[in-house]
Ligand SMILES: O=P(O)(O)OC[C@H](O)CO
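Let's start with one chain on its own, the form predicted on its own, as structure tokens.
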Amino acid sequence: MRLPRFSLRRLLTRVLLAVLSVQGATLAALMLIDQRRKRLRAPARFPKTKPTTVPTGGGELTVFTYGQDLYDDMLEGIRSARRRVVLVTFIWKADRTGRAFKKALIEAAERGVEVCLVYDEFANLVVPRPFFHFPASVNVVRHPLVWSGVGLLNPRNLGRNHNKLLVVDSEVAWVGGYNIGSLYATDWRDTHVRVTGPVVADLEDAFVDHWNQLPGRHRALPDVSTRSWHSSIRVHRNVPRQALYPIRGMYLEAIDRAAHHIWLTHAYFVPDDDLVRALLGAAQRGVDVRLIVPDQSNHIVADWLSRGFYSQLLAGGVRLFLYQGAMVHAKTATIDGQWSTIGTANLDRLSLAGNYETNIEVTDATVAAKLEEVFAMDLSNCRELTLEEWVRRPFMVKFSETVLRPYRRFL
């Protein structure tokens, strides 16, 4: 009797197919759960603060925690523009809010203001293409879905433009987590800031550099030359085209300096090993490390990938708080009452090592105090997740987290 010949390759292939099948089934189940959850979701309710302005960095910084307040302020800035408006956004919905921005920008161009716009093509695939048709007086460049020619083969050209930045007349700028859309105006808790002073030139320079790198026949913008070396606010921008990712280093350095507290609010928390070690190291030396994340975000897979870190963090002394009743989309941190950051970058691999992002870093006790007030407000709308509760979660939940673990490297 002849026995079948053992084939290691065949065995490995079958194992791989089995794993992929289980992962696919898990992802499909999560998508179904997410669709049902969205249909049954109650109207968003969450605490918010009025915009508050504090002096810093040779100018002023205003913190916005409610989208409608922010949009009203940005639209007022566009309507009062005299010379130039530059705007880049990741998502731009073709709804009432999106149309209001489009109308204001077109009207600015019609009265002689130079208007330059960038939007990310991938993020707006579901938005009707005609919405992005503007009159010739408005300069529009899309960050392409794929780069043509040999550029497609360069990994540095795969990054999405995740920025959300508006600069008016080189005098005032807005930057933070808010995309443009009616959903974000009322139903999401996010954080954005308006700044004046020397930092505006750095933010405008970030826009100009990206505009001039994008493919196409659009007119190049001149460099911003009046930039200051001395400010309590620094701009950090990820530029995949140049393999520059300083925001991750900014976080690691600040966490390493922490002596008293680290308070983080993040929509999507899928950190790399170095960030996990940094947070655990801070907690072990007695730093009060707290993290606010959504109880249920708008991306259920991101939630489950994030939960894969909870056991390690909770066991290591990091306190986790789950935001209730709304999607919290902020990307902020404040440390030791001295240091803060606000911007577009999440603590995940896409933001820290893949996408175009912009964060401001502020070393100012007044700004830190304001962000601590915002953190305390958000904390009042959270429930704390304890290690005892977490270890009692059902076996199938633990199994699904394990199955999805390999996808961390892609998010």
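Note that residue numbering follows the sequence shown and begins at 1. These figures come from a predicted structure and were not determined experimentally.
One more form of this protein should be noted, the form predicted together with the ligand, which is absent from this view; the next part is about it.
Of the heavy atoms in residue 191, none are within 4.5 Å of the ligand in the predicted complex. By the criterion of a heavy atom within 4.5 Å, residue 313 is excluded from the residues contacting the ligand in the predicted complex. Under a 4.5 angstroms non-hydrogen atom cutoff, the ligand in the predicted complex has residue 299 among its neighbouring residues. Heavy atoms of residue 119 never reach within 4.5 Å of the ligand in the predicted complex, leaving it off the interface. For the three residues 179, 268 and 331, a heavy atom within 4.5 Å of the ligand turns up in the predicted complex in every case. The candidate stretches are 102-110, 198-206, 313-321, 87-95, and the one lying within 4.5 Å of the ligand in the predicted complex by heavy atoms is 87-95. When the ligand is considered in the predicted complex, only one residue from 65, 358, 346, 56 comes within 4.5 Å through any heavy atom, namely 346. Residues from 236-261 do not approach the ligand in the predicted complex: none has a non-hydrogen atom within 4.5 Å of it.
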